Each structure stands twice: as structure tokens, then as C-alpha cells.
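Presented as C-alpha cells, the chain that follows is alone, the form predicted alone.
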Amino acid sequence: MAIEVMKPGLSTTVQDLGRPGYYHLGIPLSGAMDRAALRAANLLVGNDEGAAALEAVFLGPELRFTADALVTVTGADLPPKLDGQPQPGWTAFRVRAGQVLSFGFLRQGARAYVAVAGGIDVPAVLGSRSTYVLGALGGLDGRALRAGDMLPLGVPPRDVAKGRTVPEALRRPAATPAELRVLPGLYWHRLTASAQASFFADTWKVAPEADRIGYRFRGGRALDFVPREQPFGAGSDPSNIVDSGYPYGSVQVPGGTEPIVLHRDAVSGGGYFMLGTVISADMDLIGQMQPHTPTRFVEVDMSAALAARDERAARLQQVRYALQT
């Protein structure tokens, strides 16, 4: 069983939950930018939550199925169509051999997830089928899909019914303006008190330079740095530090002008200071933000970050319970 890629969309890749354990070697986690949407998609078609699916960005692909399949589309509101007929999102539906899955215009969000019962069965690399394009690793030949590609499918689970749906209340919508909660980090002290205040007070906007490596923001006031003597091994710009490791979600501000939030395909270290880190519970939200989305950064402490993580886990558990009935 396989899927023929008739049109690849803008930047469609194979993604699962990523390949943890290699970041210290410079190989990032990769995987779905919106992990909750990927998990929900796999649950809808009876797959393991970490099975490989397709991540489509802004513009959906056109796919022809060579065998019957159970399919769903979650994440961004990118309306699916089967032989031109609209299909519901966040709901499992049947596709017959020879039918074509396509998509309408994007209504909301940025990334949609197309899961098929059995999963996309490309070879696993370092324990994951996720595509890391920058390193030409995983997925289908380490790249985005192209017209003419054939995507192999795994063996579908038995007795999974069509029509299962994730309730509206359990789908996290993208709010405008967006709010990203940030835990100030080790280099927070490098900013002046006024710069610390303005970072959280200003409204920023997602820049066009927003991808799997990182999201850039602009529109807020430039940040001032506390005067210092240039450390040995650091660059001369006040935003430079002696090279350090970067956590996922870390917020860099090169030159103090435009914050960059590092995401799933980020490099593992470098010489820019990090003022803090976007909490794990909000990383999925970043993956659904379009360019020019107004955004506020909200300061939180560790207790609030851990509580948000618990809330996110509880929401996922509710999705699991809803699809068991």
C-alpha cells in the first residue's frame, strides 16, 4: 500500500514525535511542530501516538491513494477534500483506492497533520522517521515531498471505525494576539531593567522568517544591555556570549533587536545570549502561528510552567478518553 504524491504542497514532510537523545551531537529532536495535533491525528485512525504522519505547511498536498485507507487531518484549519468533496477536520474518514485527497485554502493556523491508519512507513533513522531537512536526515530521503513520490504505508490496525472525532472543546485554537509564556533564563541579567520590562510589555509580530528552526519576532522596542567587558571567546556585540548550549524554546535576541524562539530543528549551541525559554506547554502553539501574528510574551515562574505542563498533559488524556468511547 502506498500514497502517490501528485502535488507536494509548499513544504510537506514526514514527521513523528522526533528523535530525542542526539542533541548533544548536534542532531535536533525534529518531529511535529504541533505535537498535540500529531498525537490526536494518530489516535483518530488507531495508530500509536508517535506514528509518522505528514506535516503540511500553509498549502496542502494532493495525494492519490492506491488502496483503501482511514485518514484524518488535524492541526491547522486546512480544509480536506476527497475527490473535491469537503471532509470534516479532526475526524476520521474513509478513502477508497484511486481517490485523491486535496485541500482548500488555509483558514487558520499554519501546520496541518495528515495521519493514515498504519502510519507512513519510511525507514527509521536514529529511532525516528521525522524529516530533518537541514541535515538531510530521516523522512523520505531527508527532504520535503516532491511530485511523483510514493509514500509506503504500514499495516493498519483492525476495527478502527470512521467518524471518530476530537470534540471542539479539546482542540486548542490559535488566539490573536497570541500569548507565549516565558521563563527568564541564565542570561536575563544581561538586560537592563527597562529592557526587561519592555520585552514583556511590547506587542511583537511573527516575522516572515519563521520555520522549523526558529520563529523570529519584530516590532517591539530594541533591548538594551548592561555594560560589560567583552569576555574572552565571545563576540563584540553585547548580545554575544561564550558559546553555550541552546534549549528548545530558548529566546535569542541578536543585537537586541528581534527575538528568535528556537524550535524543533534548532542548532544545539552557539554564541548568542538567551533571555529565557518559552515553556514546553506553548511550543505547539508557536508551530501554528502565521507571519504577522501579534504576540505578547508573558513572564512566568517555574511553578506556573510546571502547572501549564500538567494542564497540557490532562488535555491530551481527555482526548484519549474521548476517542475510547
Partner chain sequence: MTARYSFGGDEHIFVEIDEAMSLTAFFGSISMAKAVRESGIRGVTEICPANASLQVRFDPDVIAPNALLSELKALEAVSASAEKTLATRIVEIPVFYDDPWTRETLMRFRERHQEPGATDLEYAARINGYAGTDAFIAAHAAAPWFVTMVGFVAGLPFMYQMVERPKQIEVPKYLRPRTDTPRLTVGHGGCFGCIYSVRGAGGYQMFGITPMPIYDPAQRVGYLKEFMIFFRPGDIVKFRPVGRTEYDEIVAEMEAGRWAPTIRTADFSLDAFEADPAGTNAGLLETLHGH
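Numbering follows the first chain given and starts at 1. Everything numeric here is computed off the predicted structure, so don't read it as measured data.
The discussion below concerns the form predicted in complex with its partner chain, not included here.
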Just one of 178-186, 71-79, 218-226, 159-167 has residues with a heavy atom within 4.5 Å of its partner chain in the predicted complex, so point it out. 178-186
State yes or no: in the predicted complex, is some non-hydrogen atom of Y132 no more than 4.5 angstroms from a non-hydrogen atom of its partner chain? yes
Does S280 make contact with its partner chain in the predicted complex, using a 4.5 Å heavy atom cut-off? yes
I'd like to check something about P247: if you look in the predicted complex, is any of its heavy atoms closer than or equal to 4.5 Å to a heavy atom of its partner chain? yes
Using a 4.5 angstroms cut-off on non-hydrogen atoms, would P88 count as touching its partner chain in the predicted complex? no
The unique member of L153, V125, A195, V100 whose heavy atoms fall within 4.5 Å of its partner chain in the predicted complex: V125
Decide yes or no: are F65, D121 and V319 jointly within 4.5 Å of its partner chain in the predicted complex, with each residue judged by its heavy atoms? no
Looking in the predicted complex, the residues of 1-40 with a heavy atom no more than 4.5 Å from its partner chain, listed in order, are P20, G21, Y22, Y23, H24, L25, G26, I27, L29
